[in-house]
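Quick setup: one chain, the form predicted alone, written in structure tokens, and binding and motion questions come after.
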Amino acid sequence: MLLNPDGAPLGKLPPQAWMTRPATRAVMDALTAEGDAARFIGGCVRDALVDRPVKDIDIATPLSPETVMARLEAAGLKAVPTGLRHGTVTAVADGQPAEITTLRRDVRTDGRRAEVAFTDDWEADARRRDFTMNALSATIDGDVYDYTDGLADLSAGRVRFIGPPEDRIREDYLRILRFFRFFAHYGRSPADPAALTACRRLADHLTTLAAERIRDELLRILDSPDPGSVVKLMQGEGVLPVILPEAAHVDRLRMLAWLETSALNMASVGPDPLRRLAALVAVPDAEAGEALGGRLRLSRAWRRRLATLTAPPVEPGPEMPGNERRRWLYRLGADRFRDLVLLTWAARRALDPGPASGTADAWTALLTAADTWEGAAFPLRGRDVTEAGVPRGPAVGRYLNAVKAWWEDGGCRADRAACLDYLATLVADDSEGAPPCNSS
């Protein structure tokens, strides 16, 4: 079906702030200075059409990468050769990046990477892309070009591969996860049956991809408005077990997403893909949680956080006494404590969706405690113990731990003077210089 007869545009974008910014116009003016064409392409056009914030600006042009760089530099703009082999140059104007790619067609693919040839054919470039809604392009004046029926699919919430789904997936197996990601963010049920069949048949090929690529798509799926439904779909199609065999708690994920986005009206609570990952998986201990983070190539900080969330040292609930609450806020910090409150709440609601009246207020009080936590610092140091008459050596640490345990038992409220008094009592009561048994 020829959707752009005689090359005519099929739609019109209303004026967009990102299109009319001086920096954007400077880049487009540089590319079209000698009458050549340049259009916005892909995500920025798609998101503008559905009135979503545009984060990244992508531009396509028939110009070669070398000509693109020359045009940008002639206009006094910074040109970064981010991927010349694949025709990509990044322009920077007033600190704003825009990725410019020469029109391409695939010559050879192996499921992970593609060998491309440059072209001046806009339709050929559109048809090598993954989904119809990602093949839309627009001029600086807002004229929208559509070669694959992407406008209709975008309007209907249909995530549809361009051409036979298996052909597109065999070009890059990551497109399996991209299908579920775009369905999570732009799709409406039911999902395209042909796409699901292809994803199911080729799911095992996901094991050939770099962990970083899988991680990025998985976290974007989990960051969607209703991740539970999409994850359930991936599970049913045999895709999820390939990339995340630890996934076992879809209901807990659903409840967590509901708490984050619908149930609570708290600025500190919002969608968090790593917390959602922790809700979804089941691991036996913190070491396994850390190993999962390593397999997904998470940062060191995120691996540690995932280990804490998947094997929590405590499960805070409404029954937690005030002093115990303060103890764990001190030990974990407000952010991790908040994470564990939400995960525990989600887990209990997954088991019993109809909690007793008033329970929600008690859970919210735990989250408020995290929001208002101002921190606490244990007021003693080792020098205080030696000044109390304890000789240097292991006994100093044991006494310090004993006072700290007492301080935590009291909700981390005792000041320095009270802690020194308790230390003095311990030293006076222990003639052999060893602290009492509560020094764990």
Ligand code: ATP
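Remember, predicted model here, so these are calculated numbers, not experimental data. Sequential numbering from 1, following the sequence displayed.
Here the subject shifts to the form predicted together with adenosine-5'-triphosphate, a form of this protein not shown in this document.
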query = Any chance D384 has a heavy atom within 4.5 Å of adenosine-5'-triphosphate in the predicted bound form?
reply = no
(message) I'd like to know if F182 sits close to adenosine-5'-triphosphate in the predicted bound form, meaning any non-hydrogen atom pair within 4.5 angstroms.
(response) yes
- request: Report yes if any heavy atom of T139 sits within 4.5 Å of a heavy atom of adenosine-5'-triphosphate in the predicted bound form; otherwise report no.
  value: no
Report whether the minimum heavy atom distance between G411 and adenosine-5'-triphosphate in the predicted bound form is within 4.5 Å.
no
The one residue among R215, R158, R326, R178 placing a heavy atom within 4.5 Å of adenosine-5'-triphosphate in the predicted bound form is R178
Note: exactly one of D339, E246, D272, D172 sits with a heavy atom within 4.5 Å of adenosine-5'-triphosphate in the predicted bound form, namely D172
The stretch from 24 to 32, 400 to 408, 368 to 376, 53 to 61 that lies within 4.5 Å of adenosine-5'-triphosphate in the predicted bound form, judged by heavy atoms, is 53 to 61
Checked 211 to 225 against adenosine-5'-triphosphate in the predicted bound form; residues with a heavy atom within 4.5 Å, sequence order, are R220
